[in-house]
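Given next, in structure tokens, is a single chain: the form predicted alone.
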Amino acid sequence: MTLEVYWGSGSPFAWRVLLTLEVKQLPYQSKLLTFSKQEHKSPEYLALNPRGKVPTLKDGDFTLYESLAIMAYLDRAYPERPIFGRTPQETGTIWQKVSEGISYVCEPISRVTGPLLFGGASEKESEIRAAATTVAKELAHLEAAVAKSPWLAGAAISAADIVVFPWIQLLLRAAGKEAAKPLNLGFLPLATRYPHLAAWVKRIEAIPGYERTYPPHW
């Protein structure tokens, strides 16, 4: 039975699930929701996901939301090309990296990107600068990790890469906005500042089917 994924353009959480599907080479039906039309708040969608968020996955009669839950489900239901490891050691290492990414990378990036992408950057300049300092330290950690191995948790792409990647792309998009120029955040060009991380980004962009995951409004 064909998987169905409901998502929204630019959502890093939905992007995780789309990348998971492509990395695992699973066929799926794309159900792109338009935020500006409030399609994620429609009665039909709320019947699937009462929180009105993306993503949501349907696998036959089974419906699931929350990106990490979906990733874990897909890896258990379709174990080929695992993203959470094959051994207890691999699984533990990947979950450690996932947890670090969520706690220390994604959250401060959201404090940088939110005002730059959705307005209010001038009013929140001090908050953006403070978060950017934290982000720079975390990017240095990521740079060191992918200098040692091609992927964040070892020799193969895993959930760790999939969780963090959309936020790095979101950061790069925000850092290129006009509102970011006066702040001189220091993230661009990525290839100069963090060359190994830039190469890691290119590796993910080379995944077959990656273009189907890229936010169409970007």
Ligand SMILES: N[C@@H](CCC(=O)N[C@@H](CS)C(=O)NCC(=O)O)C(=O)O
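All residue numbers are counted from 1 along the displayed sequence. What you see is a predicted model, and the numbers here were worked out from it, not measured in a lab.
Below: the form predicted together with the ligand, not depicted.
- In short, of 186-194, 54-62, 146-154, 173-181 it is 54-62 that has heavy atoms within 4.5 Å of the ligand in the predicted bound form.
- Of the heavy atoms in E66, some are within 4.5 Å of the ligand in the predicted bound form.
- Contact check for F35: a non-hydrogen atom falls within 4.5 Å of the ligand in the predicted bound form.
- Residues are counted as partner-facing when one of their heavy atoms sits within 4.5 Å of the ligand in the predicted bound form; in 20-44 these are F35, H40, K41, in sequence order.
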